[in-house]
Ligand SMILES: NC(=O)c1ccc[n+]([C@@H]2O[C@H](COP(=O)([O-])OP(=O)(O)OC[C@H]3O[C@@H](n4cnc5c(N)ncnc54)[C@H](OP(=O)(O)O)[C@@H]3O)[C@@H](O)[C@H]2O)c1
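The data below hold one chain only, encoded as structure tokens and taken in the form predicted on its own.
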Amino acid sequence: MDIASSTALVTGASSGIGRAVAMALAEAGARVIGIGRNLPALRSLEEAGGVIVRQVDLEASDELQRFVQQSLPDLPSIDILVNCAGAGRFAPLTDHHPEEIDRLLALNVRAPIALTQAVLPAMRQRRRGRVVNVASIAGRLGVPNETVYSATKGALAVFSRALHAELAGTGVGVTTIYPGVVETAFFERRGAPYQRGWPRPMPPERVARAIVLAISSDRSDVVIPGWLRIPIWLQATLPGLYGRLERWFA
């Protein structure tokens, strides 16, 4: 896609990967609309990157529906949708409260599907567009004590693959991003800091650059960093060995 002639909608633009993606797309010449919950952070993004911002809490079904039905039709037609907003929870499954499970499902699964459904008809009519879903390596491998988060990101990944097949020949593409550990406030918000010495967290700007490249080159799957394809392959081909290594490295 020619990013410079496109309008992009980026969720989770208040911070982290979403903010970095919004700024990277704006620098690439796109007209960017960033949505998020933190209004002061959105205002600073608007000032720093020339991004159009809207405050929307995607966890709240009424706010999501109001944005889709009332705000979205008044915005320029969306050529690129980047679903970055997401949340996690670090705890054994038995310690997850039903409200927390509902929150993760709402933000990580329901919101991306609803926004995709909203922008897709115009994309198909123009035979031009791309949906980018930021999943996680946890959605491919599954991570202990992040069972619900892993499940939601796995659901987003399967949704992306199914949509990619459904849209074949329409001119609309789908990209799924599988980041590893990213240096954002995600770990603080999930209830436990990241304490491993390796792998080291990568800056969100690295993920943003990969997303911009994937859009411009029509890539459907991006694993970042690339070496994470090794455990993905190992789990798929030698699950017994992968299980032993998983227990060893905890």
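All residue numbers are counted from 1 along the displayed sequence. Nothing here was measured: the structure is a model prediction, and the numbers come from that model.
One more form of this protein should be noted, the form predicted together with the ligand, which is absent from this view; the next part is about it.
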query = Going by a heavy atom distance of 4.5 Å, is Ser136 a contact of the ligand in the predicted bound form?
reply = yes
query = Taking 4.5 angstroms as the cut-off for heavy atoms, does Gly36 touch the ligand in the predicted bound form?
reply = yes
ask   = Asp221: heavy atom within 4.5 Å of the ligand in the predicted bound form?
value = no
query = Using 4.5 Å between non-hydrogen atoms, is Gly180 touching the ligand in the predicted bound form?
reply = yes
Location of the ligand contact in the predicted bound form, chosen stretch of 121 to 129, 159 to 167, 71 to 79, 84 to 92 [non-hydrogen atom, 4.5 Å] = 84 to 92
note = Assert contact residue (the ligand, in the predicted bound form, non-hydrogen atom within 4.5 Å, options Val212, Val56, Val51, Ala30) equals Val56
key: Output flag, Ile17, Leu107 and Arg189 jointly within 4.5 Å of the ligand in the predicted bound form, heavy atom basis   = yes
